[in-house]
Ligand code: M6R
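Given next, in structure tokens, is a single chain: the form predicted on its own.
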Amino acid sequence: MCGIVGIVQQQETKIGKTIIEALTKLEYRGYDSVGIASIFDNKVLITKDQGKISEVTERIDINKIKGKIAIGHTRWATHGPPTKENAHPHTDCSGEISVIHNGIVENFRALKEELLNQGHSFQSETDTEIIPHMIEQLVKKEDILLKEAIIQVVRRLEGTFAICVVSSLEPDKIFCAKRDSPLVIGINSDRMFCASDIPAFLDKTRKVVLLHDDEFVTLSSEGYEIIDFNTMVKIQRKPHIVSWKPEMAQKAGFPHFMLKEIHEQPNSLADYIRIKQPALNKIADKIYNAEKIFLLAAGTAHYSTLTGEHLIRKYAKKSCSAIISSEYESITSLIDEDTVILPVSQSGETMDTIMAIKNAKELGASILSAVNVIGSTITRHSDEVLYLYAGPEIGVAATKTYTAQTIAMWDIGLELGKLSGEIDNSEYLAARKLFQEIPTVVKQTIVRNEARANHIASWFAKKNSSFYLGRGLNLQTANEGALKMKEISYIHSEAYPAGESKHGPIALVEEDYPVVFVAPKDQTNKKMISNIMEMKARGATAIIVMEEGDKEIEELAKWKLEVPKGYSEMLTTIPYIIPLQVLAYYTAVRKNLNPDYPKNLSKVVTVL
């Protein structure tokens, strides 16, 4: 899970500065170390060190890196600890070939042993370092041209990869190849870019070429050539213009991306609602007629699929299961042509999910996805796609993409209710009216709770542990709220079904222990009152997310976070998560933590 960038241009400039600016926009993908390989005077120059970009650039003068061509990398460690030696780029024995890589080479041990027997020496513990040595072996020992050598090497790699290669042997080109890891090309009038995500070059160009698996690209300042590296067939693919504006990937005056993205939710939800998608009815039809339905996702997206699971069961009267993508193997024996798989993903590049849907497709399943990034790997393996239109999300902790994923689940659910007759026409129209109003409600919820959450955070930040409790559909909100608190404030936060809380968790409750309750005024309300009283009787401090004006619940709260009336039964999981996002954000800030870059986490998990 790494950020990679390459630039090849017509004019010699301080290219190191441009590479660092691009890598900074990808630091959410990894931040253990940073490095650059540039070519100057026909020599490959390596500049790298352990640490975040800001830390490394304090120690190293990036402006000294000049040239027409360079590749850069920001790492999230998988093979070997985050050290300078393990930082990318990596080179061959001669220092003439340099490689950056995102992904995992599964057969690297066997390949490394082969290279050691051939006399190669290694400087790192990474799987990546075998790649330049394999290229060197072919070029120097077998007298094969550089491009052909790289192609032969990538054919031998097992696992996932997006690689970029520069060499003093051909100092005016960048060679790239990908399989299952993201890689895109950016086109400007005087330079070409490659990167693991579009924000890297969005301020320079919005003209993008999306690469598919098993494709090899040669980049020069004049343009690009794509071939299938298995068949060697040349591929013609025109660029498209992305709709994002560069400022959408910047902080726009907010102290952190996470807070900016929380505040962007009214607009991102409005964009989803505004853009009509023909795939919606097709997806609802296929789900309604399917024998077996599985929703697949990882991390935050999994909690959005739990909303989908609930709605499919309720409105389609279908057996349905939300499965964590990495646990897909437990259901493979059930997959056949009567199965619908619904993957949900922000990036569309989550490796566990990609591997699962590839297998499901081979077994005959229909793949119907909800994805934010147009043209991503998951969308290319899907029969139908519901796009989330949330725009770029930079903060590692998902906020606006979670609510976008969740509104997509409600969108599908409402259509299923109409198909099945569980929602009559008048109920459907009323639900769609609430649907249209949800951006306004989310905005009101942010405004109403931000200062209050900041105040609560001053107390919460001193705690080491907490529980989040909910019932029914609201358990999904408790799960996501707890995840946000633990991943950015490092406070152990565990979500539990409120009715189960007396079967274990209550043993940990003591005086002033934080318990967050998700308690809309719905059919669970009365039982939640009993659960709140049970916890308070053991000394718990109750923080309650509740409907505005619910006096009975309010009397039990030490602190309340309010949601406008009318959303306790329908679309619940969207507005009720908002106060918990804000609470987690301000708790992290109160602890002097950077919520955009939580330790040990990466935005896009592209390794298994």
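Source: prediction; values computed, not measured. Numbers follow the displayed sequence, beginning with 1.
The discussion below concerns the form predicted together with the named molecule, not included here.
Novice: For a quick test of understanding: in the predicted bound form, does each of 398, 405 and 484 have a heavy atom within 4.5 Å of the named molecule?
Specialist: Yes, because 398, 405 and 484 each have a heavy atom that approaches the named molecule to within 4.5 Å in the predicted bound form.
Novice: Classify residue 307 as contacting or not contacting the named molecule in the predicted bound form by the rule of any non-hydrogen atom within 4.5 angstroms, answering yes or no.
Specialist: No, residue 307 sits far enough from the named molecule in the predicted bound form that none of its heavy atoms falls within 4.5 Å.
Novice: With the partner left out of view, is residue 347 within 4.5 angstroms of the named molecule in the predicted bound form by any non-hydrogen atom?
Specialist: Contact with the named molecule, yes.
Novice: Does the named molecule get within 4.5 angstroms of any non-hydrogen atom of residue 417 in the predicted bound form?
Specialist: It does not: once the named molecule is placed as it appears in the predicted bound form, residue 417 has no heavy atom within 4.5 Å of it.
Novice: Is residue 301 one of the residues lying within 4.5 Å of the named molecule in the predicted bound form, judged by heavy atom distances?
Specialist: Within the cut-off, so yes.
Novice: Name the stretch: of 334-342, 356-364, 476-484, 495-503, exactly one has residues whose heavy atoms fall within 4.5 Å of the named molecule in the predicted bound form.
Specialist: Comparing against the named molecule in the predicted bound form, the contact stretch is 476-484.
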